[in-house]
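Only one chain is given next, in structure tokens, and it is the form predicted on its own.
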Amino acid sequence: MDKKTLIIANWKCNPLTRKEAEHLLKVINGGIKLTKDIEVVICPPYIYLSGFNLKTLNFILGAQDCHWEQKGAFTGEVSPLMLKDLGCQYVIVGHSERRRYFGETDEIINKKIKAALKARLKPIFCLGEETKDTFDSEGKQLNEMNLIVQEQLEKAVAGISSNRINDVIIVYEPVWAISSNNGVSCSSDEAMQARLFIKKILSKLYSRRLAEEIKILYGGSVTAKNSSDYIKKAGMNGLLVGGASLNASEFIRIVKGVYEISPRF
């Protein structure tokens, strides 16, 4: 099992110019170092991927999305093989913004995960509930996290064999905790409960051994102040960092903070 703590930066649709992207990249690259304990992945917009000299980087490149086919008449899409050719090793799949704004379904996400695996990319699969509390018609409180996360997980990994599932990185990213929404944070206890629940579902779908090997990350309003708690208290195997990854000094603090509490092997 790869025991490295994984820190992923999702730049989303930022920054606006290549010059800004190169500056951000340079500062981050100079502020972190290669270690045997932590792996840092930067996921910039497609347009910037080809401009980075991989030999000089202290991190790994990832992409923010991919198509489910390797090639063909799919105007505007980017295939997993194209990303692999550019030096990407990871690709984000199923992000809540892709679900919300582009109508991606669990079935589409499943196809993308399989396509990424076929191209030897590691999918960073995002899942999470939109609202914290839900009630049925009789006013009884339902566990939204269990209901939604189980359905998303089961559909996303359908048809993925046991010898490939440990190449899938799972990110618990509760939509209600994303800073662009209401700003309500997810506590380390809530993140821990989500992690344990995901492990439980994976154990049923595969085995307890495989469930322990699969990396589960946390995403959602991650900052330098709360990042270590998600690793140390919630037991997460890493973080998916959104807005904070566009602030070079903040992102570097997140990486260094995690490094200080990351176990040594």
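A quick note: this is a predicted structure, and the numbers were derived from the prediction, not measured. In this text, residue numbers run from 1 along the sequence as written.
We do not show the form predicted in complex with ligand PEP, though everything after this point is about it.
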{"item": "His95, Ala177 and Gly242 all contacting ligand PEP in the predicted bound form, non-hydrogen atom within 4.5 Å", "value": "yes"}
{"item": "Candidate stretches 27-35, 230-238, 213-221, 62-70, one within 4.5 Å of ligand PEP in the predicted bound form by heavy atom", "value": "213-221"}
{"item": "Residue contact check: Lys12 to ligand PEP in the predicted bound form, 4.5 Å heavy atom", "value": "yes"}
{"item": "Any non-hydrogen atom of Glu129 within 4.5 angstroms of ligand PEP in the predicted bound form", "value": "no"}
